[in-house]
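In the block that follows, a single chain appears as structure tokens, in the form predicted alone.
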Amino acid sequence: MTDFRSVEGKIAVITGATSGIGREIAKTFAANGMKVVIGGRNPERGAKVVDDIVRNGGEATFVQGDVRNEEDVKKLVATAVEKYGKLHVMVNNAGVTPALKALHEYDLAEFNRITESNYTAVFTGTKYAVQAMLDTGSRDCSIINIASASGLKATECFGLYDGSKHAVVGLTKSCALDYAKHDITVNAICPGVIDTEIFANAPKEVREINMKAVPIGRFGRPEEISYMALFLASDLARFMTGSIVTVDGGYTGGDQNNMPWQTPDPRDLSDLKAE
């Protein structure tokens, strides 16, 4: 099969799905015939995501909770199993971003908040999802962790976030080995700078600084992450596990020096320029 029909009817749980990348993954999964159970802290946003999916012919359920609370994660996974009797895909997407500070300027409370949201929640999400997959006899299963380009490349004064995302990358590789012989693939997507709500309200100079760091010259779009998640959930990716996939416009590929070509590109590429 060379299309995405293999995902039709699969049951997926997605954390942090009331906005940004998680919301787009939920919508893309549902649009391709998957039944999605989405988690998030904001019930109004959750209801809106469900309404949008249902209005477009999909099937979705919202479960309110905080991924820092183990019982909330258990409830999210249990809801999928109780409603559908199976679980095929777990997307550990929820996460938070701290303010930029030198390491010694953070306190332990902030360290714990970032670690619990970005790393511990991936552990609990994976733990309960895998157990549900095993208990329900589900096949062709996938764990998809949303890490970050910051899990591969460090940034000054961003130690808590970088550390949490590096941890997710390491956990992904180890878990892939744990379940490689058990019909459960485990992969991570490392998005670069994506044009979500985080950047929508950012000052113009902040947007420009971040955009200049991207070789392609624009922000990524949430759907560009969701398409990769759809691929990893499909039969097209069954030989992929332990893979750390960058979707970052070249950000982690290396450093730019912006040297002009000796023979300029003759094409008009003005349509590619960022707005």
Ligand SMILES: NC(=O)c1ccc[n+]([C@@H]2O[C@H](COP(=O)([O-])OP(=O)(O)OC[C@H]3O[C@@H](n4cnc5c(N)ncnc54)[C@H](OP(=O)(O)O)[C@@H]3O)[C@@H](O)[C@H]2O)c1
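Throughout, we count residues from 1 along the sequence that is shown. It should be emphasised that the depicted structure is a prediction, and the values quoted were computed from it without experimental measurement.
Omitted from view is the form predicted together with this ligand, to which the following refers.
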query	finding
Residue 12 within 4.5 Å of this ligand in the model of the complex, heavy atoms	no
Non-hydrogen atom contact residue 159 with this ligand in the model of the complex at 4.5 angstroms	no
Exercise: residue 202 in contact with this ligand in the model of the complex, heavy atom 4.5 Å	no
This ligand contact in the model of the complex: residue 197, any heavy atom under 4.5 Å	yes
Partner-facing stretch of 101-109, 135-143, 88-96, 169-177, counted where any non-hydrogen atom is within 4.5 angstroms of this ligand in the model of the complex	88-96
Candidate from 147, 129, 186, 80 lying within 4.5 Å of this ligand in the model of the complex - any heavy atom	147
Those residues of 53-67 which, in the model of the complex, come within 4.5 Å of this ligand by heavy atom	65, 66, 67
